[in-house]
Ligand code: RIB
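Here you get one chain, nothing else, as structure tokens; it is the form predicted on its own.
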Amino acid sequence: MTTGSKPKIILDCDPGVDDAIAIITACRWTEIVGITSVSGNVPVEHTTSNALKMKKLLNIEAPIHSGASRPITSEPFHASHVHGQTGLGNTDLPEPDGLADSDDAVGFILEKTREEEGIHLIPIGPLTNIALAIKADPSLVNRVASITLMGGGAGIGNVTSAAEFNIFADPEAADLVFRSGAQLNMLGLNLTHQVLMGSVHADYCYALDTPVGKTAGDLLNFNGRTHGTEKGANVGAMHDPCAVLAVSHPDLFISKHRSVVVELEGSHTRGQTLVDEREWVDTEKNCNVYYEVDSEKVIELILQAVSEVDPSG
């Protein structure tokens, strides 16, 4: 794949263990034109710092812009118990050299997409930045090639039985994005739980004997230990890289056009992405919901990214 054929993306993220793996994946399979940070897995000062650490590790040239420090209306909600106190598990990365290019992620998203149409927005954290950008300029949705998000799920949650973390953390933002008319692709828990990575993949990364390999190994080991679900198996879902690969390798996924709404009020269902599976009902379909993935190939591409990303440029 030549550089010219790689999709151009803005990665909106809240690193986050799997976000960090998604950044490595995006380095190999896409052209990153910008990274924006948002409050999510941990507070925004940590997600920004973690994005800067990954930028330094991978020698990424694209700018990093810090974004929303809290949801649109609700109180901040974090998952440090899942990703470690500062977000990158027990990974030991050097402190970043500098600061973010700005603290105006929304302004950057709008400016960059006006400068060049056809960029894919890939939000893999809460949708606060994306919602605020659409609110400021609704025509954004017509300029981007897609908004391909990791979040939600068809009939499955993790923070609650109904709601996935990224949507639950800012349901009002998600509601705005899902009603925006964008070319919307949702890779939710029902899809990402098919892609399991952990200690066996970490061993492959360690064997590369590179700084990127060691970092990926630490992240994957942490992911396996923290998310291990099957009887002592050190593997867990590798969510965020799926959204990146859905843009760069769409042939590996199967999706269906569905009507999806975000529940805002339910005492048990706030943050749920309610997918209307009734194909016999003529509803306005606003989202491609992803259902199936060639998980073996996706894992292969993630590991290939770890082995082939060249920080020296």
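Note that residue numbering begins at 1 and tracks the sequence as displayed. Since the model is a prediction, treat every value here as computed from it, not as a measurement.
We do not show the form predicted together with the ligand, though everything after this point is about it.
- Comment: the ligand is not present in this chain, but in the predicted bound form one of I124, A105, L191, A173 has a heavy atom within 4.5 Å of it, namely I124.
- In summary, among the residues V177, A133, L220, M150, the only one with a non-hydrogen atom within 4.5 Å of the ligand in the predicted bound form is M150.
- Remark: of stretches 164-172, 199-207, 177-185, 107-115, the one touching the ligand in the predicted bound form is 164-172 (heavy atom within 4.5 Å).
- When the ligand is considered in the predicted bound form, N41 lines it closely, a heavy atom lying within 4.5 Å.
- The ligand is not drawn, but in the predicted bound form it has no heavy atom within 4.5 Å of S146.
- Mapping the unseen interface onto this chain, N158 counts among the residues with a heavy atom inside 4.5 Å of the ligand in the predicted bound form.
- Taking the ligand as it sits in the predicted bound form, the stretch 18-35 comes within 4.5 angstroms of it through a non-hydrogen atom at D18, D19.
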